[in-house]
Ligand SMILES: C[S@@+](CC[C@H](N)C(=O)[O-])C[C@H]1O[C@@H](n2cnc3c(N)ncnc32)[C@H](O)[C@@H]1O
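Okay, so here's just one chain, in C-alpha cells, the form predicted on its own.
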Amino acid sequence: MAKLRTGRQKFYNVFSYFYDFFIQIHSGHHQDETRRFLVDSAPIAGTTQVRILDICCGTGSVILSFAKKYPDALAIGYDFSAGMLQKAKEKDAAKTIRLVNGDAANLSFVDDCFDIVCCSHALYELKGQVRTEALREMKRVLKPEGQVLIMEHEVPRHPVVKVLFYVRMLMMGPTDAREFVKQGISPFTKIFPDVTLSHTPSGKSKLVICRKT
C-alpha cells in the first residue's frame, strides 16, 4: 500500500505542472461557475473565526476563492502531493491560506474544529475504502453545526469532453471511479445523517451537502 501511495504521489507531483491546463481544457468557462457555486453555497456569512478545510486541494483554486471571499477566515488547503501544494503556494502571493501535506484518510486535525470542509472534483479519484475513510475523517473534524461540501462531476454529454473525462478516470482506476460518479448520494448517506444534492446552473457538476447532525 505504501508503495502504491508513493507512486501516486510521484504521479501527482509531475501532474501538478499540467493540472491547471488540463482543468481548463476539461471544464472550460464552467470552472469559474463551479468554483463560485461551491463557495457561495457555504453557510458562513456573518460567522466569526471561520475555519475552512479544502481536502485534496490540488493547486489551490478553491481554497484561494474561499480566502478571497472570507479574508478573516482560517483557510487551509490539504493535499498529499507536495507538487500540487507548491503550485498552490506560488498562486498565493498574498499568503492568505495555509497548506498542509497529508493523507485525506488520516487528517492531522482534532475533532470538531472546522466550520466548512470541502472537496472539489477529487473524491472520485480515491479508491473505495480510502474514500470511505476520507469521508469519515471529514465528518470527524467538522463542527456539529458545520457542513461538508463535496463537488463532483456529472458524466459529460459532449463527446470530446466525455472522452477527456474517461481518460482521467482510466488513470485513476475506471471501474471504481465510474461506479462512484453514478451512485449519486448513496456513498454519503452511509456516513452522514443529513445529505442534500444540488447542481451547478450548467448541470456540469453536482454539489453534495453533508451535515453532521
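Just so it is clear, the model here is predicted, and its values are computed rather than measured. Position 1 is the first residue in the sequence shown; the rest follow in order.
Keep in mind the form predicted in complex with the named molecule is missing from the figure; the text below concerns it.
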Non-hydrogen atom within 4.5 Å of the named molecule in the predicted bound form for each of V117, I150 and F192:
no
Hey, in the predicted bound form, is C57 touching the named molecule, heavy atoms inside 4.5 Å?
yes
Residue-level contact is defined here as any heavy atom of the residue lying within 4.5 Å of the named molecule in the predicted bound form; does H121 satisfy this criterion?
yes
Though only this chain appears here, would L126 touch the named molecule in the predicted bound form if you measure heavy atom gaps against 4.5 Å?
yes
Taking heavy atoms and a 4.5 Å cut-off, does D103 contact the named molecule in the predicted bound form?
yes
The named molecule in the predicted bound form: contacting segment from 68 to 76, 138 to 146, 109 to 117, 81 to 89, heavy atom within 4.5 Å:
81 to 89
